[in-house]
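In structure tokens, one chain follows: the form predicted alone.
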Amino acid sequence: MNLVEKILAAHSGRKKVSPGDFANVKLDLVLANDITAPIAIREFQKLGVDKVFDPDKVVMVADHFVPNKDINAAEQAKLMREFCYRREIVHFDVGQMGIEHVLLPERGLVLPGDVVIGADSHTCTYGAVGAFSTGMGSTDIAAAMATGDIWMKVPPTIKFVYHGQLGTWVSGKDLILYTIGQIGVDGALYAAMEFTGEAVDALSMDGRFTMANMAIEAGGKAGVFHVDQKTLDYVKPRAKRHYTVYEPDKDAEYARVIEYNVTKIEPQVSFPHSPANARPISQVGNVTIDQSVIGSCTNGRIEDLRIAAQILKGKQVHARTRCIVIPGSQEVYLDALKEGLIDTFIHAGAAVSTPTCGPCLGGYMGVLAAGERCVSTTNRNFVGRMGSPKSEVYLANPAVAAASAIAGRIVSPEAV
């Protein structure tokens, strides 16, 4: 069996599972946020069950419209909090502020070998620590909160092998954008994406979170990494419970094996209106921008902010461009403060927000008007994703987003 099959077999009490098998899988964690939790809560209440299966294994994070942007957002968050109070759910508003997919690994709530489901498509982020994690609908989440398990079809696994060494300013964001550009937004439909190879081994944990986060943008059910020493160094100080590290068998079977040589890959930019519309920075041309966003569950971690600050330090955001920096959590915010990154951002003319999903989903804190263009470190650039359906979003890594904020158009970091 491969890595995903090992994890799902262990959680379904079976010696072996294969792609296409249906399995009843025990869950280590169930997640919802301030958009999806209210739907799940209402469905949960219809079940006639009063208690969740384990108050320590249900997590609710208000992050999409928090701090509340309007009355409707406040009502959503209130419903979620009251549900948690009544059912003695331990983990809600984890860390009091932050983006769910940054917070959960940071707080040691997701660990190697776990099975995690969340009512958010980017729940696949946790594959970076060697967990099987995937997004599901709010009705599935309601059932899972009551029973502690979920019915699912075992996905096939596509193995991606990245050979070579990454060039300057090339990151995990570029690897995943390049991959999606090659295989398309449905290239891994309902498949687990297993990321391997020396280029992946060289990635930091933050880079791996970024890649796993965007597996869903290729249609993937999950994106997973093998557990290595970097993973253990990240997990051990955070873990508060036992976990199991799984490894694929040497004769593990895969639906496909796709190999890339990354040596000549440049920083990537995904043009509107699809993450698959990726092209190298040298082929972007003259694209002026009105806004640059650095943050989100994809690229709002401390390494992302360090890279952006490295480029912005001593420089100024273009007079006709807005630059918005959003740390992924309070911990990231504090680290950025201690390291002087916030000072750098503000002196460069950027606006720094409290941790929130904010503009990524067109929520607030950076919504686009008709005709405006934004380069963003977020994960989606569909029509109307960040505001007006007549606006445009270009996806890039934090280095490109910071450089573009200075230039007022999309450029390579080397240009500034």
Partner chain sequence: MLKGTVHKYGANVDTDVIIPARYLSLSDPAELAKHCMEDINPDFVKRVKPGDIIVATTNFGCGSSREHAPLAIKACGVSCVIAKSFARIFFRNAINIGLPLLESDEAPDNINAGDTVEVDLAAGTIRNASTGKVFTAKPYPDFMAGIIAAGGLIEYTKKRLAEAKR
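As the structure is a computational prediction, the values presented were derived from the model and not from experiment. Residue numbers count along the first chain shown, from 1.
Below, we turn to the form predicted in complex with its partner chain, even though it does not appear here.
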With the cut-off set at 4.5 Å between non-hydrogen atoms, does G371 touch its partner chain in the model of the complex? no
D114, heavy atom within 4.5 angstroms of its partner chain in the model of the complex: no
G137, heavy atom within 4.5 angstroms of its partner chain in the model of the complex: yes
Spell out, yes or no, whether the shortest heavy atom distance between N24 and its partner chain in the model of the complex is within 4.5 Å. yes
Single option in E266, D149, D93, E331 placed near its partner chain in the model of the complex, where near means a heavy atom within 4.5 Å: D149
From S171, Q291, T344, Q76: within 4.5 Å of its partner chain in the model of the complex by heavy atoms is Q76
Any idea which of 204-212, 242-250, 140-148, 159-167 reaches within 4.5 Å of its partner chain in the model of the complex, heavy atoms considered? 140-148
I have A119, L361 and F382 flagged as a candidate spot, so tell me whether each of them has a non-hydrogen atom within 4.5 Å of its partner chain in the model of the complex. yes
Interface residues of 62-77 toward its partner chain, as seen in the model of the complex [heavy atoms, 4.5 Å]: F65, D70, N72, A73, Q76
